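As structure tokens, one chain now follows by itself in the form predicted alone.
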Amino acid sequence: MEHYSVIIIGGGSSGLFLSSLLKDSLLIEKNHECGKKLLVTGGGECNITHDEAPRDLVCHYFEKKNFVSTALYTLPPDEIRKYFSSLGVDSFTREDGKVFPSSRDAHTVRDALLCGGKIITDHAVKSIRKDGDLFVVDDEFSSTYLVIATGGTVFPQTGSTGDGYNFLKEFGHSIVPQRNALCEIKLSEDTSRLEGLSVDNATLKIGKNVKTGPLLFTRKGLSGPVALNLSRFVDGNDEMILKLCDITAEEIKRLNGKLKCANALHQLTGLPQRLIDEIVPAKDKNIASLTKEDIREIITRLTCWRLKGNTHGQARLAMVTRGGVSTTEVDSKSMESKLCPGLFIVGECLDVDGETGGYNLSFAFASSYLVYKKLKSYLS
């Protein structure tokens, strides 16, 4: 049986990052190559982090702000960039704060991380057990320390099929039910005629959760940062409220009465003409002929459009999993299991998900870096 100080299960973003730091480690990946999901992030350009101070960064992880704080303060965005630069991967910051490799090619990032310990591919782990002080994997490999970096359950075509959850249940860990996150919200209302239209500053509300920013209409529903970031809150056929602009009855009444309603509203709001044409009632009337009821309906549609949506069937397109290993059972300062000493859990396998914009990769790298620091103290 081959023995290593550390065995890492899973060759995604978290596992590869840790492997690049640990020379005396074995990484086991079930796919033919490592980093398949990493290669498709950011449209294949790999948005590795977001250029923000840690105090702002942590606010993009919903209810897990406190849990992720140590990791993100320990390895903030500027340190992530420095580390990749040391591996020969320079990066740049886009106007929206997203950080990409200068090559704009995710392969550059993935390949740079293949520099650490031993890596075995095409090996789907079937069993993990504890034998005294050692972890035994498939009765072929043993290690003093074990890291589970198997990811979540979305984008299963890249190998993220929740394998690690079954192993971790055997060590006593609780698994928070998984849901799709960072995905399109499919609407009950037909939006096929709105496909491709975007609104720069829309506000979407789902329950008590509200986001404002860019929104994109798709053939079946809503996408863009606003919808993606709120998709984690959608369960069944949930009701949501969409505000496309700010507009009042007085503003409409002050418009040139001879103008056609749809054209006048386009000029007033700046919303795409095709969007106005499709969703505004009384669009063909002149402003002067609008009734009170017409104006009320226009304002309702533009500022308080009630819709119903779901994220069912989006696992193959979702970017991240909501749910996973309960963070109450993991030490946020080291990512070590509180239930099984020597066992570490990192990245998307945990019940942690961030907004779109490089936040999930930031946590993937930072959580692995905490493990590296802890293992250095154990192994020294």
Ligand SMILES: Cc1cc2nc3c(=O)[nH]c(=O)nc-3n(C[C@H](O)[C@H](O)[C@H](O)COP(=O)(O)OP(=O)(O)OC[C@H]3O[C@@H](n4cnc5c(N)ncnc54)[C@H](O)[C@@H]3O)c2cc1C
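We number the residues from 1 along the sequence you see. Since we're looking at a predicted model, the values are computed, not measured.
The form predicted together with the ligand is left out here; the points below concern that form.
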Check: Any idea which of 86 to 94, 277 to 285, 117 to 125, 172 to 180 reaches within 4.5 Å of the ligand in the predicted bound form, heavy atoms considered?
Finding: 117 to 125
Checklist line | Heavy atom within 4.5 Å of the ligand in the predicted bound form - the one residue of Ser337, Asn31, Ser332, Gln314 that qualifies | finding: Asn31
Next item on the list: Tell me, out of Gly342, Pro54, Gly323, Gly42, which residue has a non-hydrogen atom within 4.5 angstroms of the ligand in the predicted bound form.
Entry: Gly42
Notebook entry, point to check: Given that the partner is absent here, does Phe155 sit within 4.5 Å of the ligand in the predicted bound form, heavy atoms only?
Noted result: yes
Item checked: Phe167 within 4.5 Å of the ligand in the predicted bound form, heavy atoms -> yes
Check: Looking at the partner-bound form in the predicted bound form, is Asn229 within 4.5 Å of the ligand by any heavy atom?
Finding: no
Item checked: Heavy atom of Asn360 within 4.5 Å of the ligand in the predicted bound form -> yes
Check: Though the partner is not shown here, which residues of 141 to 158 have a heavy atom within 4.5 Å of the ligand in the predicted bound form?
Finding: Ala149, Thr150, Gly151, Phe155, Thr158
